[in-house]
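As structure tokens, one chain now follows by itself in the form predicted alone.
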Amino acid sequence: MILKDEMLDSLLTELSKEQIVYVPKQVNGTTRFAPYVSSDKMKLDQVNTVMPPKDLLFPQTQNMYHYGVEKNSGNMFIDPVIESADQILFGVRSCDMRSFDCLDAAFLTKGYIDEFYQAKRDRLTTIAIGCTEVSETCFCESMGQDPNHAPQADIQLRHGEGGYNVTAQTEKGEALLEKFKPFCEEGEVEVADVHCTLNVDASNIKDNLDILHESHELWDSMSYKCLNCGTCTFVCPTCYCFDIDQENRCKEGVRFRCWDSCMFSEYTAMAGGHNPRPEKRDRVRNRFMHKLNYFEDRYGKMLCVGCGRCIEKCPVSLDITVLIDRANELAQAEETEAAHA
């Protein structure tokens, strides 16, 4: 089934009558996913938006509980604030679609369900578009993704000459496909596959980082130029650190959570002044170990999806692919030295 280019706006206008449809576009100078408006220009030619779509499921600031004292009875109340609505995410790329698997693991498994995340996740329908080009910082194939297909998406689109091939991949996708049909026609357009130009061998990185956990040679060199600005964590589609705070007004208040960063020294500060990660080196090591080692230990998958945002936006060009290459070299050298000892 083909969705012609000229029918795309009509389809999105129809879908947005019943659900909030998020599309990639420029907002205040930054590309991100925002509600569809027919008069706005979409950024479908963007390889990746600067900001990932994780805020649809895990908002940057999110109210959790409303609490206080009832005026009439004087009784205390604590009410969860479960915010959710039917949403369609249109134009998501394979790497960002894969990031939802990681967030699902963190928020919905291991015996704990985050009700705020789940409420949004259950009502989200995803429409992926296969990449037609890649950035020089994209390395998703090295992390096990395919830039051409997102098998986790409810509907997969692939763009060719004049239109999109449309394929439903889940029951939710099949249901939504009924709304596509008036805007589509039978057939198929020819589509060319694309491949990443940045490649790195991440096949043994977890085991190699086990060997190099305390390696001063690796972590000192990688952390030297880091500014601990946190940019990498805020543009990353899989970072999910948050802080919890509250706002009080008279006898009522709201408890909320907001994005935080493990790159900030205050993140691990404890009462009494103790900080288990006091040095910049400790924080840089923790971030990369979490992405490439700790998360796989706990959930069986790496927390990096190869989108390349952290490489592109880091002000000092701290590159996770360079770390992987360097870790592979150092681990091999240590194993060789041990074998000859």
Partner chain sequence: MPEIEIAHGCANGGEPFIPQVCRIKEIIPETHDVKTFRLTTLDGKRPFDSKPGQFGLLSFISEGECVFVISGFGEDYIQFTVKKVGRVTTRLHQMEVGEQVGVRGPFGNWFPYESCKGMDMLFIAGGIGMPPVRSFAQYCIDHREDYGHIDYVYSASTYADLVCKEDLFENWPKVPDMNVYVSVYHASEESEKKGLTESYTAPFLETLGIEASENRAAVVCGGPSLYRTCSESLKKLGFADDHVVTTLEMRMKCGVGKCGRCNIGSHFICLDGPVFTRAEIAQMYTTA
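The structure presented is a predicted model; accordingly, all values stated were derived computationally and were not measured. Numbering follows the first chain given and starts at 1.
What comes next is about the form predicted together with the partner chain, which does not appear here.
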{"property": "Non-hydrogen atom contact residue 181 with the partner chain in the model of the complex at 4.5 angstroms", "result": "no"}
{"property": "Non-hydrogen atom contact residue 297 with the partner chain in the model of the complex at 4.5 angstroms", "result": "yes"}
{"property": "Non-hydrogen atom contact residue 227 with the partner chain in the model of the complex at 4.5 angstroms", "result": "no"}
{"property": "Contact flag, residue 37 vs the partner chain in the model of the complex, heavy atom cut 4.5 Å", "result": "no"}
{"property": "In the model of the complex, segment of 70-78, 131-139, 93-101, 153-161 with a heavy atom within 4.5 Å of the partner chain", "result": "70-78"}
{"property": "Listed residue (175, 108, 191, 119) with a non-hydrogen atom within 4.5 angstroms of the partner chain in the model of the complex", "result": "108"}
{"property": "Single option in 47, 64, 51, 314 placed near the partner chain in the model of the complex, where near means a heavy atom within 4.5 Å", "result": "64"}
{"property": "Stretch 86-103: residues contacting the partner chain in the model of the complex, 4.5 Å heavy atom cut-off", "result": "none"}
